[in-house]
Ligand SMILES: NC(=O)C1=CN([C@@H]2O[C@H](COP(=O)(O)OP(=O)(O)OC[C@H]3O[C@@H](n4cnc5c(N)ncnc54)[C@H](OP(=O)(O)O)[C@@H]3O)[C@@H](O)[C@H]2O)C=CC1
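One chain comes next, on its own, written as structure tokens: the form predicted alone.
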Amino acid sequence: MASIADYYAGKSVLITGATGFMGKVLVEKLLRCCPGVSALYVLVRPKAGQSMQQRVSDMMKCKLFDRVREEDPDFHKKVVPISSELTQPGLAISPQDESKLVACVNIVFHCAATIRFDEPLKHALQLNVIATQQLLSLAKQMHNLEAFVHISTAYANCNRRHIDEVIYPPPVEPKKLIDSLEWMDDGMVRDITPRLIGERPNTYTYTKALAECVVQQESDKLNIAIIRPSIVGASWQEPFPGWIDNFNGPSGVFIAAGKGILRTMRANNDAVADLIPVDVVINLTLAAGWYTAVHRPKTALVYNCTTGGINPFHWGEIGECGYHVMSTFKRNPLEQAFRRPNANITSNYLINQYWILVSHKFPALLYDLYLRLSGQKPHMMRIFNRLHKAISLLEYFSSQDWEWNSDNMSMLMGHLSPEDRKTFNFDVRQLNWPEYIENYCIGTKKYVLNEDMSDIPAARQHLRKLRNIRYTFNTLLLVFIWRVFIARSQMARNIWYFVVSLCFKFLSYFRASSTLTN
């Protein structure tokens, strides 16, 4: 049987969401490890002031493509941008481009989606469900299509505690929901959204469950695979450790903790933080595309791409009691940190609210007061309000556990040759969490914040300065409070005089002993 790279040789691939985080890694991996691939057609939405060609060109200039650029300076010629808009009928693909795709494409990777947890239901439905329907309609017209791979999420069925590699019945028939919401205004949809999503925490997981149902409905006409990654994080190995380009999910949490802004977070210390490196997801996706096209399974196969049941990492390991994030940012601090990295992870609501008041809001108010007095515009409270909103959206996932079956993932690994297991590695048993999290944190510093590693000594000096300020402030606060007690309480004065007298006697005894010894 042909290897994965040999299979993709000569093939034309259509990718949606290619300018997103996972899409970029997919494009890079195909170009670098499947050099014989014929063409990568990428659906791109023109942005204001930027053409689709310019967006793709800018994407391929980023550091992610350095390795493939060294091996093949002309790699960009294989990437063909196709103007498209997921919110428009027919995905706004021109008739000429549609004819080209119908005639040429062999494999479709559908990565595009809105991943915002608080996306309005109507918009999430358009991007995650209706756009998927329209892409499937286009795929059914393709003369040489061999596989359609849909990227879902492991949390599409988060209303269940044990999740098998099957497509569960949808919460509602997608077509009925689409028809019902079509005539409603945004206010009406917003009012009924909580009733519609039910036990699911947000519109993202709800619409991704509906999208799986839409994909399943076409499984008798197309060779389909569904990939369900959990919380996608920075790269583990490829193209280099720690690559990340966004603030989404754990990246924003890590950066906020490293900057000393995030000092408390409500989470269950013992709950699994089901992180999955982006390169693991992409390797599995490419292997699933190969298996689907070559073996043509009778039903759509679902792959739960998770780590919790195989090699777990826990939320408590992010905080000070863990040995991962905080220790990394103390060795490799971020520039101009607001405070020293020190996060408290607690599952208790009242304790969390106390720390928010003491460690978030009070310092933010003091800093904003300082900015006002110095003639600058206050902004720290606004930053903390945005942080609290983002963290609150994560609480559902950081406070509980799920069990995912991963038999199909294991089955697929068993079908790979030794060479393909190495080139397209998705065996998370090999993942070393301390090393991965350290690379992840450094990656946020280098690739998201664009900070220079040579400035680490200055950043460490800044942390020492913050430590001295903290010690000085705490000492002055303690003295102030104690003086207030002394002024108001005879008992406090007696204790104070007793302690001072005891210290004086100890010093006198120490001096006398030193004199006798000499």
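All residue numbers refer to positions in the sequence shown, first residue = 1. Note that the structure is a prediction, hence the values are computed from the model and not measured.
Just so it is clear, the following notes concern the form predicted together with the ligand, a form of the same protein that is not shown.
Quiz item: the ligand isn't shown here, but in the model of the complex which of T328, T153, N223, S235 has a heavy atom within 4.5 Å of it?
Solution: The option sitting close enough to the partner is T153.
Quiz item: Y204, Y447, F426, F313: which sits within 4.5 Å of the ligand in the model of the complex by any heavy atom?
Solution: It is Y204.
Quiz item: If you check in the model of the complex, is L127 within 4.5 Å of the ligand, heavy atoms only?
Solution: Judged by the heavy-atom cut-off of 4.5 Å, L127 is in contact with the ligand in the model of the complex.
Practice problem: Report whether the minimum heavy atom distance between Q336 and the ligand in the model of the complex is within 4.5 Å. | Solution: Looking in the model of the complex, residue contacts with the ligand do not include Q336, since no heavy atom lies within 4.5 Å.
Quiz item: With a 4.5 Å heavy atom cut-off, would you call S12 a contact of the ligand in the model of the complex?
Solution: No.
Self-check item: is_contact(S84, the ligand) in the model of the complex, heavy atom dist at most 4.5 Å
Solution: Heavy-atom contact with the ligand at 4.5 Å: present for S84.
Exercise. Among 466-474, 66-74, 452-460, 22-30, mark the stretch whose residues have heavy atoms within 4.5 Å of the ligand in the model of the complex.
Key: That would be stretch 22-30.
Quiz item: Looking at the ligand in the model of the complex, is some heavy atom of each of P120, R190 and L210 within 4.5 Å of it?
Solution: The answer is no; none of P120, R190 and L210 reaches the ligand.
Exercise. For the stretch 25-57, return the residues whose heavy atoms include at least one within 4.5 Å of the ligand in the model of the complex, in the order they occur.
Key: Residues within 4.5 Å: R45, K47, R55.
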